[in-house]
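As a starting point, one isolated chain is supplied in structure tokens, in the form predicted on its own.
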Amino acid sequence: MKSGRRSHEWAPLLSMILLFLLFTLITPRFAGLGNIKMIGKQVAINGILGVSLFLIVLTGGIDISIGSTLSLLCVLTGFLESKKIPFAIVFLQVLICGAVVGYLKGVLVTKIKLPDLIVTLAAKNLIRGIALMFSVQAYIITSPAMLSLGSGQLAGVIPVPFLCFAAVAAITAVILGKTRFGRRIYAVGGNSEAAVQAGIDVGRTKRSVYAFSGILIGVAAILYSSLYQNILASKIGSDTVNTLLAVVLLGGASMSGGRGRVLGIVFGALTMAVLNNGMILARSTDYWVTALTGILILLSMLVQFLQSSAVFRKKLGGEKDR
């Protein structure tokens, strides 16, 4: 079992290394320090959003409204910034709003008992509509604190957005691996009926996960606003779900829930960032990036299916031997 888990984590790292070598051969400036810094910035947003989706997937759920939620929270960030509100208060309000939006989705899934796909599909359109309603014109980020967040570097080398992604990943990994809440998340995703028998409040756990996921989307919204500075809802998060699914699946998470680790998601996010950056430098069209993302999703699902089939056959063979 441990070797299987390790293969899930290291496979995307191997893919990333192979892609890195390939794009270095195609265009030598790909491996330059400036471009590596750019990849560090580019991975931050989708990396944090990937961790956000991963938490939902761990419980056996899905959230296709993450891109729309990102758009709404970016608009909120721009609006608050336009009112010259201090950065700390803006940050706190955006995170609270993200938690509330996530919690409401969790309520619909657990209290009303609606399928998470239906809930998040409806939320995707509703939230997008609200974001567009309040984003008739673009908000321009001018706060020094926000601008320094997007452009800052540690020791002149490591981009601050990448450090934020690393911090989010590390904190989430500790929560999942070292806390009772984390163990409950894995239990709910692995077998919800067994979790109930063990005394775990499945509904409460899922609502908490949706809220936590919303907080992480809020962090991503702050980073997005600081990086791109021009906030217009129609330009934000429209194609995010495909990339995030690829990140989560490449990272070794199971869509049925209960399996995966944050380290794998980090490698999955880095793989997608290298792919997107390399394709741009190689002057490929967006169509190729979209097509390759679809292929990666399909291959990841195929690998999961084959592994599940192998495990099932192994268990069946063991029972026959008895």
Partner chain sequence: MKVKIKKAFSNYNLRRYMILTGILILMLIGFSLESKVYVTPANFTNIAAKFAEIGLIAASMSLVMLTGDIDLSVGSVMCFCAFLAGTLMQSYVPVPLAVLISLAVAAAIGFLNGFMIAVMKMQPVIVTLGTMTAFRGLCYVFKQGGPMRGLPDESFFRFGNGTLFGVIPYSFILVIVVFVILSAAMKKTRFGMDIRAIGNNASAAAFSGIKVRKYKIGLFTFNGFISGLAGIVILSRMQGIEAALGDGYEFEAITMCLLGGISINGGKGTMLGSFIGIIVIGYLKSGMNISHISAYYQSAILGAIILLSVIAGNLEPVRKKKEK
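As the structure is a prediction and not an experimental result, all values here were calculated from the model. Positions refer to the first chain, counted from 1.
Omitted from view is the form predicted in complex with the partner chain, to which the following refers.
**Q** Pick from 62, 266, 274, 45: which has a non-hydrogen atom within 4.5 Å of the partner chain in the predicted complex?
**A** Looking at 62, 266, 274, 45 one by one, just 62 meets the 4.5 Å heavy-atom criterion.
**Q** Just one of 26, 297, 279, 39 has a heavy atom within 4.5 Å of the partner chain in the predicted complex. Which one?
**A** Selected option: 297.
**Q** Among 13, 16 and 34, does every residue place a heavy atom within 4.5 Å of the partner chain in the predicted complex?
**A** Negative, none of the three is within 4.5 Å.
**Q** So in the predicted complex, is the partner chain close enough to residue 113 to count as touching (4.5 Å, heavy atoms)?
**A** Residue 113 belongs to the contact set for the partner chain.
**Q** Indicate whether residue 302 is a 4.5 Å heavy atom neighbour of the partner chain in the predicted complex.
**A** Residue 302: contacts the partner chain in the predicted complex.
**Q** Can you work out whether residue 171 and the partner chain are in contact in the predicted complex, taking contact to mean some heavy atom pair no more than 4.5 Å apart?
**A** Judged by the heavy-atom cut-off of 4.5 Å, residue 171 is well away from the partner chain in the predicted complex.
**Q** Hey, in the predicted complex, does residue 126 get a heavy atom within 4.5 angstroms of the partner chain?
**A** Yes.
**Q** In the predicted complex, which of the stretches 105-113, 177-185, 190-198, 156-164 has residues with heavy atoms within 4.5 Å of the partner chain?
**A** Of the options given, it is 105-113.
**Q** Could you pull out the residues of 219-253 that have any heavy atom within 4.5 Å of the partner chain in the predicted complex?
**A** 241, 242, 245, 249 sit within 4.5 Å of the partner.
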